[in-house]
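Just the one chain here, the form predicted alone, laid out as structure tokens.
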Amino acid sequence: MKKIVSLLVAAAMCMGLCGILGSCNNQNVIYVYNWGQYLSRGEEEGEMDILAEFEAETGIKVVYRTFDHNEGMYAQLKAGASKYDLVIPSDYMIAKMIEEDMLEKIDYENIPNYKNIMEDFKGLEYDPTGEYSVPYTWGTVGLIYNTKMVTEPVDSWEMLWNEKYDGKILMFNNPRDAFGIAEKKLGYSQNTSDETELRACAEELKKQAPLTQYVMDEIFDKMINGDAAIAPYYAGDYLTMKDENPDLAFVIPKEGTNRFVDAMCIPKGAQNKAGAEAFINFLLDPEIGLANTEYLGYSTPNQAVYELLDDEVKNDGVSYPSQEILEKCESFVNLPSDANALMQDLWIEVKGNK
């Protein structure tokens, strides 16, 4: 989910031969589509460049592109203009892509490190048979706030409607996450498809719209730089952000929140399925997985990696919340098409109230 500004990082030779994402059918190349900075690239001293390590070990070049929300990724794949061998969507979007026959079944014979995945992350609702996805990370959405700017107690989604912070409130610039927050604020399920409830959420979001800046990855820089007072964002990113700005704090609101799983999938028609499976297996290696998890700050579904983490990380309450908090969390599911369509229409109305 997750991290900051989307970047295009690609092997120049491969791009020259195949274009940004052409139809190059080279088994020594894989095309990967991931969230912005959602993989350790060795940008800081001591960090592992996972793509370089994979290329050195396998001889397979990686052409790497990023997206900043599930809906944008889905639109790219649905349009068919770009071909990828590996994508990393979130749970509800994986369910949608399975339903629409957009994913290949995974050959687990090529992924022996799958044995490291915790049982709790197998056979989940978004992929009940476990044939189409391999868990990458999991986490929660909470409120990140600047303690120098917000001095009152923060424990509720209500803070994102507080007129005291007019112009200093950030909000997710996509309907599923925005409606999810309004749903929790009003006491609804984050998976409601009830028209009355969705319209009530839209009215709440319309009240909020004049107070907010709609952003996605920009949340990272704006909160670090003190350009905003409060924002919803991902727990894993908060840990990275706090390293750069110790004035930041994080809380999961009392109403509950979204608990997400992002997983690795192979799009239908992938031109190097075996290469994608080799990359998945590589990411599940304990040493590689640990380096990646330490960089990301997100929670790992990999038992072998979890056992290597410092106790301080396991007990920080952010990456691995208490059971009491997790019981208040929901995972998004794929909504019926009519509910999705209504949400999209209502979102246009909300944005028009800005």
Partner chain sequence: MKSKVPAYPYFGWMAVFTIIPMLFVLYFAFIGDDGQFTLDGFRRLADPYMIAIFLKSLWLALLTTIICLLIAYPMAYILSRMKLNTQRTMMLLVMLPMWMNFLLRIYAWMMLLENNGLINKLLGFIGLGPFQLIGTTGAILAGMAYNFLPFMVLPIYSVMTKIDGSLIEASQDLGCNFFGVLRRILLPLSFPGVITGITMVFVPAASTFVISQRLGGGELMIGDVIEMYFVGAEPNFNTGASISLVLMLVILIGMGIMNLFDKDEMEGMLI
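Just so we're clear, the structure is a prediction, and the values are computed from it rather than from any experiment. Positions refer to the first chain, counted from 1.
Not on display, but discussed next: the form predicted together with its partner chain.
Here the chain stands by itself, but in the model of the complex one stretch of 131-139, 185-193, 113-121, 217-225, 217-225, has heavy atoms within 4.5 Å of its partner chain. The candidate site formed by Thr212, Asn340 and Ile348 is fully in contact with its partner chain in the model of the complex, as each residue has a non-hydrogen atom within 4.5 angstroms of it. A residue is said to contact a partner when one of its heavy atoms sits within 4.5 Å of a partner heavy atom; Glu109 fails this definition for its partner chain in the model of the complex, lying far away. Among residues of the shown chain, Asp101 is not one whose heavy atoms approach its partner chain to within 4.5 Å in the model of the complex.
Residue contact check for Gln344: one or more of its heavy atoms lie within 4.5 Å of its partner chain in the model of the complex. Although the partner is absent here, Asp247 is not a contact residue: none of its heavy atoms lies within 4.5 angstroms of its partner chain in the model of the complex. Note on contacts: among Lys273, Lys83, Lys96, Arg259, the single residue with a heavy atom within 4.5 Å of its partner chain in the model of the complex is Lys96. A single residue from the set Glu255, Glu71, Glu125, Glu203 has any heavy atom within 4.5 angstroms of its partner chain in the model of the complex; that residue is Glu71.
Taking its partner chain as it sits in the model of the complex, the stretch 159-177 comes within 4.5 angstroms of it through a non-hydrogen atom at Asp166, Gly167, Lys168, Asn173.
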